[in-house]
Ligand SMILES: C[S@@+](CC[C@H](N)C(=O)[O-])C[C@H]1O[C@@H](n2cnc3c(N)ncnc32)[C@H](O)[C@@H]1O
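Form predicted on its own, single chain, as structure tokens, below.
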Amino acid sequence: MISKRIQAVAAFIPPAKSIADVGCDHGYLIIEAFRRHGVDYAVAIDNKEGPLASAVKNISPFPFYKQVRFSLSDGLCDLSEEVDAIILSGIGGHNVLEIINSGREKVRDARLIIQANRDLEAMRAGLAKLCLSITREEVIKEGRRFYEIIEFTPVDYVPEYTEIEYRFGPVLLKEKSPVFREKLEKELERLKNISEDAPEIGARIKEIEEILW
């Protein structure tokens, strides 16, 4: 069964017809992309033999198997073809930055669809410096965990965001979805339970309260 997280990431793919999945793991995202979202070509990339072999095994029973190229490689170094969207899911924000920074020319005009597990503030700021604009964001909840999915689109300028937009996401701050609010409420509760009386914690509490209220 494909997880809610993977389904949500895959939902960002349209209207892309060709994709590269960096860190493809078991290949479930590519399966979802072909079955649900009209993709007709994919590059499955992983730097570990085990996960890539698992992706081959899971995708091989499907008729679209021949429309997938499997690549045992790091980041975007082996991405020779032009694709409509590049997906990086389930890795850290600093790792995302390293991959995109070292392979920026491979991105071309592709949208980036990113679900990073941590360091989102640094990732947003770093990708903005690479002329990548935030065009869509969503927070989902699966079990007890929250996941942020962010779409970046290449532009010919360095987009400018405020510090709070880098921290919480410009689109998320604008839309303030119920799940986004729930995530902030959980963070607010966690901060208020910290016994340490540090100025930065008080400032963070005030910041979140102002967003929520």
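Heads up: residue numbers just count along the shown sequence, starting at 1. Quick caveat, the model's predicted, so the values are computed rather than measured.
This next part talks about the form predicted in complex with the named molecule, which is not shown.
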Asp46: touches the named molecule in the predicted complex, heavy atom cutoff 4.5 angstroms: yes
Contact test in the predicted complex: Gly38 vs the named molecule, heavy atoms, 4.5 Å: no
Contact test in the predicted complex: Ala8 vs the named molecule, heavy atoms, 4.5 Å: no
Heavy atom of Val22 within 4.5 Å of the named molecule in the predicted complex: yes
Of Asp74, Glu142, Glu82, Glu121, the one that lies within 4.5 Å of the named molecule in the predicted complex (heavy atoms): Asp74
Contact assignment for the named molecule in the predicted complex, among Ile134, Ile91, Val107, Leu127, heavy atom within 4.5 Å: Ile91
Contact stretch among 25-33, 172-180, 59-67, 149-157 - heavy atom within 4.5 Å of the named molecule in the predicted complex: 25-33
Contact set, 145-161 vs the named molecule in the predicted complex - heavy atom within 4.5 angstroms: none
